[in-house]
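Quick heads-up: it's one chain on its own, the form predicted alone, in structure tokens.
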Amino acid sequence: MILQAEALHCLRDGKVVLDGLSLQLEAGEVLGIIGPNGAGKSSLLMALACLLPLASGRLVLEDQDPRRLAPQARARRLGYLPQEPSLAWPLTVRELVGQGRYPHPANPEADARAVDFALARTGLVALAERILTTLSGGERARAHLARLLAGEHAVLLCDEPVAALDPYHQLAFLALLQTLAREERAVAVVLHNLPLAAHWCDRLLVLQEGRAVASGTPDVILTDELLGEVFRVRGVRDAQGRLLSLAPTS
């Protein structure tokens, strides 16, 4: 186990967004966080990244409270990718990806290797010297993903990272997250595409109104009953029962 959350209770604008929520992130696996709009998925990632204050509850990162670590030390362990990363300056792709090295002590050779790795794994080598504002939305999303990878964090917290990507790059990035998890990282990813979540995640955590309503392997928890009650859809499955797509309940 790398990161543990116990009975998290959080407020945003005076509204309860997490209500007694607990989970564990373990090295070697991808945890998919799913749920309808407003269920608390983004708030949970922000709380895990120490970006949302806790009204009560506890976080443990490798036997430490991450909120008590210096920001730079915490950022070396926890990597967070928000839903809509902002652009403040007309940076090149390479410059943006290089920002992922900020938490680490300056080491030009190590920094260059990490940036080159991230560019290659996200298919951005040919775009490395392009200005971000000249790229398509999907290309910019991949650049922000590359910045996250360059940080070489032990824990990756990704909020809808593939929403702006075409199908090929969606599959490529989820495969990459799975590969990184197998290299002893812990990965938590918020997804709305349930068939993708079922295929690429080792475990799923289902949220509803700030609470966990189910947790387990996709084949166990993505039942037609849960899909109907939580998401108001039904599953379309293959002969082996694997989730292929979704359809309205009526």
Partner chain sequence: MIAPAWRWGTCGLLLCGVLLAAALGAGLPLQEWLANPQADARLGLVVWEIRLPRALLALVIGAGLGAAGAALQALLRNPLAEPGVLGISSGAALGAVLAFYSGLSLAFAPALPLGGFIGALVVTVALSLLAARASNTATLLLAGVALNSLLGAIVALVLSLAPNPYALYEIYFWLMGSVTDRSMVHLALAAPPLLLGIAVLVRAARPLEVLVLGEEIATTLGLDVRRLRQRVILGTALAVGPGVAVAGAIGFVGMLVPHLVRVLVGSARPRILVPLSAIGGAALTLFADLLSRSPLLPVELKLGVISALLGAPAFLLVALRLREGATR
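Since we're looking at a predicted model, the values are computed, not measured. Each form is matched to the other, and the largest set of C-alpha atoms that superpose within 1.5 Å is called the rigid core. Residue numbers count along the first chain shown, from 1.
One more form of this protein, predicted in complex with its partner chain, exists but is not displayed; see below.
Within this chain, Gly138 is remote from the site of its partner chain in the model of the complex, having no heavy atom within 4.5 Å. In the model of the complex, none of the heavy atoms of Ala197 sits within 4.5 Å of a heavy atom of its partner chain. Residue contact check for Thr133: one or more of its heavy atoms lie within 4.5 Å of its partner chain in the model of the complex. Among heavy atoms of Ala163, none comes within 4.5 Å of its partner chain in the model of the complex.
Highlighted residues Leu51, Pro85 and Pro103: every one comes within 4.5 Å of its partner chain in the model of the complex, counting any heavy atom. The partner is absent here; in the model of the complex, the one residue of Ala120, Leu171, Leu91, Ala128 having a heavy atom within 4.5 Å of its partner chain is Leu91. Picking from 41-49, 55-63, 180-188, 201-209 the stretch near its partner chain in the model of the complex, with a 4.5 Å limit on heavy atoms, gives 41-49.
Contact annotation for 50-85: residues with any non-hydrogen atom within 4.5 angstroms of its partner chain in the model of the complex are Leu51, Pro71, Gln72, Ala75, Leu78, Tyr80, Pro82, Pro85, listed in sequence order.
Relative to the superposed rigid core, the position of the CA of Ala154 differs between this form and the one not shown by less than 2 Å. Once the rigid core is used as the reference frame, the Cα position of Arg140 differs between this form and the one not shown by 2 Å or more.
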